[in-house]
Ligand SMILES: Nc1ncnc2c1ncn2[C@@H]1O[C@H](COP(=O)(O)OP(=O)(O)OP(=O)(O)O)[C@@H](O)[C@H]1O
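Let's start with one chain on its own, the form predicted alone, as structure tokens.
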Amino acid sequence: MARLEVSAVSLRFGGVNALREVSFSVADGELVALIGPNGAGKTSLLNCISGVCRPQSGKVLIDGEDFTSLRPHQRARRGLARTFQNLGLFKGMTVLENLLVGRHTHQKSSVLAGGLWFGRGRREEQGQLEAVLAIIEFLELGDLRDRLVGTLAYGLQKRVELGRALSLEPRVLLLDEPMAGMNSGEKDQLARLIIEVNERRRTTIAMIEHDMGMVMNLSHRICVLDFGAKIADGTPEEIRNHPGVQAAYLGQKAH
């Protein structure tokens, strides 16, 4: 059974077919990249997986459970986390506080118990703090834990957003252009961390990324979209040599 399975998903906006019966899967522990020219439907597909959009047809399943009709917060509670191309951080809060927000799905105590900070509420809050501090150290942000996120460089903010997603302890992590806007040094640092998230933390990842060098180096498998349809699915080497993929990126008809 696939960890993430997208089955014949179609999405329309008026007369525009954003997705046309797209199917692909991600195995447990796999890192799959979604690529394609601008307007291919990549973000629309991530929106359908995360619950931002509901497809007109098709299904989204995680570990065999049908997520198609669930709202985004319900999917988060069941182990789906996502980062966004445009950062959605709380810039007036610290790094630590932003990651603690990501732990909300694990909060079991009542508001009263948490507010009075005794008994179960106190123990649970301490446990949440320890979990977040471990992620901060894992992402090499220890020296910045008390800094306001809005004062950090863009590349560090991207790392904080990854940390907030990891705070949910996801079964499936969706990354929407994690390298966008970064310089080469920042990309290399984040690429190393994504590999460690995938390999050391055994997190299953589906990722949109335009940097083809990073895609080829990081991915176990690549799914290619063009005009809302899947045109290829395979290993990096298979995709690199696929005539239909070359045609889609070069704007030529495949022979």
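Residue numbers here begin at 1 and follow the sequence given. Predicted, not measured: the structure shown is a model, and the values here were computed from it.
There is also a form predicted in complex with the named molecule; it is not shown, and the following applies to it.
A residue is said to contact a partner when one of its heavy atoms sits within 4.5 Å of a partner heavy atom; residue 59 fails this definition for the named molecule in the predicted complex, lying far away. Proximity of residue 177 to the named molecule in the predicted complex falls within the 4.5 Å heavy atom cutoff.
Contact annotation for residue 37: at least one heavy atom lies within 4.5 Å of the named molecule in the predicted complex. A residue is said to contact a partner when one of its heavy atoms sits within 4.5 Å of a partner heavy atom; residue 43 meets this definition for the named molecule in the predicted complex. Only one of 201, 192, 220, 210 comes within 4.5 Å of the named molecule in the predicted complex through a heavy atom, and that residue is 210. Only one of 85, 74, 126, 151 comes within 4.5 Å of the named molecule in the predicted complex through a heavy atom, and that residue is 85.
Residue heavy atoms within 4.5 Å of the named molecule in the predicted complex occur in exactly one stretch of 61 to 69, 24 to 32, 212 to 220, 43 to 51, and that stretch is 43 to 51.
Taking the named molecule as it sits in the predicted complex, the stretch 9 to 26 comes within 4.5 angstroms of it through a non-hydrogen atom at 13, 16, 18.
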